[in-house]
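This text opens with one protein chain seen in two forms, each one given by itself as structure tokens under the names structure 1 and structure 2.
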Structure 1
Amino acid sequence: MDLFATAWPWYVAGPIIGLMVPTLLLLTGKAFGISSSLKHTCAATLPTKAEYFQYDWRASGLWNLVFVAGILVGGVIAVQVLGGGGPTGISDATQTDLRALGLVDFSGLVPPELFSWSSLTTPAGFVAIVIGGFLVGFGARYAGGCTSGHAIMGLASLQLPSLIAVIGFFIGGLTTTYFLLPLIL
């Protein structure tokens, strides 16, 4: 059980994730990705006539929904059975920078000053949760995939659009970190 209760070093976990991508592609012809599961969920559940959701979601997306369900079940097992879910390892330098912005609680996975039900009614929380969430969701669908899909699958299959998307993700992350976050906090 200790094997699954502790974090694996990057040189073990990284190659395993990296090998999963070509294995999935070679064995099933499926591209690794998570964000398309939202489209499949909407196609399966929404009573709409929108052309975007009119396709055979079982044939093209059922495996993806099962994959996402497996991630959720794995997360519950990791926290409830293996004792995960403790404080996130944040470097002292990053904690110092975040304290300078007014974020002081590092007990969870995300700062509760920005990501909690009570922060939703604050301007900073609204921007981070509602506007940020919309932009991430819209951007993932508009770009044809999210950060993990483009960075793991797209770069592994040498896709130029994925390289451009990943460069855009880094530019967006740096811009948010150094310019937008200090403005909204």
Structure 2
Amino acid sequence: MDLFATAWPWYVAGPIIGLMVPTLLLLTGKAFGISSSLKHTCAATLPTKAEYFQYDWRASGLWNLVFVAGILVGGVIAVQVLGGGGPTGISDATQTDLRALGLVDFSGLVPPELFSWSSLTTPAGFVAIVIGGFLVGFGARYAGGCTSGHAIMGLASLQLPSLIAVIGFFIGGLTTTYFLLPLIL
């Protein structure tokens, strides 16, 4: 099982992710995308009157919910069975920058200073998890897609709206990286 001994380089992982698009189209005709699962979950579980959630979520969204359930199980298998999820092999420059912000534990997939149950009650942890999560959900639906639907599926099918969304992703991400993170950490 050498394949799972180390992290996969970009030229292995990227093409596999890219091949998900035609595989999904050929098997079932669905367009690759994930953030609509958030909309479908709301439509399926909440008695909301907003027009945005008035549609047949079973017909258009159930497949997406099964797909994301698979992603979650994939995460379990990757870590519990295949031994993944160890330290991330990031560059020295990034480590230096993050240490300067006070993040010193690089032993997992996320910094424990922000992503632990005890950190949820600290201002930095709350902003990262709760505010960050809220903005991800709100923004993805406002933009009509996230990294999978716009950056991969949208760019690959040459959609101008997706290019604009991806430019927006980077304006927001750079603002967080250089202005928000130094404020909260």
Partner chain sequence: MSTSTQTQSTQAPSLRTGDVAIYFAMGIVFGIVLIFSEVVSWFRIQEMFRFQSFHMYGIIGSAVAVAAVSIQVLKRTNARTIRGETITISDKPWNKGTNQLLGGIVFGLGWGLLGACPGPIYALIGAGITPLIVGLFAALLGALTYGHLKPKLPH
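Numbering runs along the sequence of structure 1, starting at 1. All values reported here derive from a predicted model rather than from experimental measurement. For clarity, a rigid core is taken as the largest C-alpha set superposing within 1.5 Å between two forms.
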| query | finding |
| --- | --- |
| Of structures 1 and 2, the one that is the form predicted in complex with the partner chain | 2 |
| Cα displacement of Tyr178 between the two structures reaching 2 Å, rigid core superposed | no |
| Rigid core superposition, Ile71 Cα moves 2 angstroms or more between the two structures | yes |
| Core-aligned C-alpha movement of Gly14 between the two structures, 2 Å or more | yes |
| Angstrom shift of the Cα atom of His40 between the two structures (superposition on rigid core) | 2.6 |
| Per-residue Cα shift, Glu51, between the two structures [Å; core superposed] | 4.3 |
